[in-house]
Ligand SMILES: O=C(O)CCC(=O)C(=O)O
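Shown below, as C-alpha cells, is a lone chain in the form predicted alone; questions about how it binds or moves come after it.
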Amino acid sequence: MDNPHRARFERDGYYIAANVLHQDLVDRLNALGDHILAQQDPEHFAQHKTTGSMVLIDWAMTCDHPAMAELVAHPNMLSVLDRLGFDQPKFGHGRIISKPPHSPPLFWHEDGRFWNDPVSYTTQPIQVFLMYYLTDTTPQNGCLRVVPGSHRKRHPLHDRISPRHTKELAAYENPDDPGFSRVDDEIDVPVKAGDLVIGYGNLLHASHANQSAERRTVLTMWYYPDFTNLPERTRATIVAAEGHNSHFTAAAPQTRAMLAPLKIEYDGDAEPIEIESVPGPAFK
C-alpha cells in the first residue's frame, strides 16, 4: 500500500509533525535542560559556540529523569514513526543543544556514520534524528535549515564544506568558512514548541544564528527506526557504535517497562562494518 507520508520523507529527507508534546512535558523538559546546562563547565560552551551546548543524553540520563524517559518512549512520537512505516524503533542517544542569546549560526553538516554500509545509499534509513524544540523557532532565534533531498543526492555543498565536524567549526573560529554560507535551495524549518522534526541522519542541515535575547534549546534524539528490518551486519554495527545500556537494569521497574521496547539488542555473530562519516564514491 502506498504511504504518502513515507514517500514525502524519503523524497525530502525530513518530516514535521505538529503538537507531539503537550505543554506540561515541554515545561518539564525545559526545567530539566536548564538544570543540566547549569552544571556544565564554562569550557564546554566555549568549545561549542555554534551549537551552544552538546550535552549527551545517554541511557543513564534517560533512566534517571522521568521527563526524559517519557520523551524517549512518548506514544505520540511512536504514532508518528508508525505513520511513516516504522513500528519498532530503537533509541540510541541524544543531545541537549542549547543556543544562548546572540550566538552564531550552526555550520552545514550531515551526521551519517554508516557510509561504509550499502544501506546508507538506499531510502531505508539506518539512523534518524528526532528534534524537539522547547521554544517556538524562527530565523531570528536560530531555527533549523535544511537542503531537501541532500540525503540521497550529492549537493555542491558536499564539496565545499568540511566532511567532518571540526573543533574550528564548533568554536566559530572562521565566520567566512563555507560551512556558514547560504545556498539557493536551502529552506528554513520554523516550528512551534512541542512539534517534532524527523530527519535522515545524512541530510544536510544547519541553523541560523540566535539573534534573540532568549535561549533556544532543542533536544536532538537519535533513533534507529527500522532496526529489526536492517541486515545483520548493519545491526551489529549499530550495537558496536552505541555501546551497552548497562544503566537500564538499575532503572525503576515502571521506567524499564516503558523503555524496554526501545532498547537496541542484537545477539547474532555478524561482523560490524567499520564506522565512516564521509560519503563514499557511490554517493552521486
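What you see is a predicted model, and the numbers here were worked out from it, not measured in a lab. Quick note: we count residues from 1 along the sequence shown, nothing fancier.
One more form of this protein should be noted, the form predicted in complex with the named molecule, which is absent from this view; the next part is about it.
Counting any non-hydrogen atom inside 4.5 Å, which residue from Val197, Val146, Ile97, Leu84 sits next to the named molecule in the predicted complex? Contact check passes for Ile97.
The named molecule: the contacting residue among Thr255, Asn245, Thr237, Thr220 in the predicted complex [heavy atom, 4.5 Å]: Here the answer is residue option Thr220.
If you check in the predicted complex, is Glu186 within 4.5 Å of the named molecule, heavy atoms only? Judged by the heavy-atom cut-off of 4.5 Å, Glu186 is well away from the named molecule in the predicted complex.
Are any of the heavy atoms in Arg215 no more than 4.5 Å from a heavy atom of the named molecule in the predicted complex? Judged by the heavy-atom cut-off of 4.5 Å, Arg215 is well away from the named molecule in the predicted complex.
My question is simply whether His109 lines the interface with the named molecule in the predicted complex - judged by any non-hydrogen atom within 4.5 Å. Result yes; His109 sits at the interface with the named molecule in the predicted complex.
Give a yes/no on whether Val72 approaches the named molecule to within 4.5 Å in the predicted complex, heavy atoms considered. No.
Can you say which of 126-134, 171-179, 85-93, 148-156 gets within 4.5 Å of the named molecule in the predicted complex, counting heavy atoms only? It is the stretch 126-134.
Which residues from 182-214 come close to the named molecule in the predicted complex, meaning a heavy atom within 4.5 Å? Contacting residues: His205, Ser207.
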